[in-house]
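Here's a solo chain for you in structure tokens, the form predicted on its own.
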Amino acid sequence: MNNLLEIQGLSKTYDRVQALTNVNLSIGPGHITGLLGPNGSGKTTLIKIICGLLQPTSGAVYVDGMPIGTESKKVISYLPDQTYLNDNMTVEATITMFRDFYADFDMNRAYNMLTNLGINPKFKLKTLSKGTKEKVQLILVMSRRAKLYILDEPIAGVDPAARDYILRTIIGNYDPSASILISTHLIADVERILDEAIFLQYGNVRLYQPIDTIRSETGKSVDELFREVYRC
């Protein structure tokens, strides 16, 4: 199995609600893939299954050739869409905690990003703005030398002026043999860094194509096609 992420016949049902239906996807190493779709399309469910936070109803998921479990979680670096850090800790204490918890955590990379973003590591998280906390979370995630980075709305809470730097941070701080899966509603902002896009709708894969193919075949940007498909 040469793909970094392999999803086979994946379905998930909550009570009688079908969140995912027979999803099949293959993502190779070295790709930045956009996971796109409106609310309720199944993006969060898919992400949580890949990360081992939810169990599928049927089907299988493999990361770097491994079924989802303890070993696959070691090679996934996950940024959730909500703050999860302890507000009473300082930034530097949080970095130390990540270093102790993750064998692949790169302290130098973390402190370089803090410096570039002008974040004081001595400050407690509770003194930081919502946007700055989200930057700290992203720094923690991208400071790991993981094989698969899963980023859920990584730029939603930051000001437009910081988005370019954050996107550069994303593409500049992962190994070319790794891959990134980005779930976002801000398609116009992230489109330029994507290699391919997945459109989810009602738990089904509506489209999965390279960005260049989408542009050449439709004559539209990914953002324009998304708005047309989902009538945004």
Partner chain sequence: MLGTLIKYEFKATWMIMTLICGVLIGAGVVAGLVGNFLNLNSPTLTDMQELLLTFGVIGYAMLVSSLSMLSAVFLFVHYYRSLYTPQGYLSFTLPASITEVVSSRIIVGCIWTLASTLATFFSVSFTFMLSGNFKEIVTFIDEAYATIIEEVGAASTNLIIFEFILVFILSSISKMLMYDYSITVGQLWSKHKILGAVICYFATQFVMGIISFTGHFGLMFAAFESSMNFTMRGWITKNLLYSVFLCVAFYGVAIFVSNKKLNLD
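Not measured: the values here are computed from a predicted model. Residue numbers count along the first chain shown, from 1.
Here the subject shifts to the form predicted in complex with the partner chain, a form of this protein not shown in this document.
- With a 4.5 Å cutoff on heavy atoms, Asn112 does not count as touching the partner chain in the predicted complex; it lies far away.
- Taking the partner from the other structure, the partner chain in the predicted complex has a heavy atom within 4.5 Å of a heavy atom of Tyr102.
- Proximity of Val205 to the partner chain in the predicted complex: non-hydrogen atoms within 4.5 Å are absent; the residue sits far from the partner.
- A residue is said to contact a partner when one of its heavy atoms sits within 4.5 Å of a partner heavy atom; Leu128 fails this definition for the partner chain in the predicted complex, lying far away.
- Judged against the partner chain in the predicted complex with a 4.5 angstroms heavy atom cut-off, the residues Tyr14, Cys51 and Gln55 are in contact without exception.
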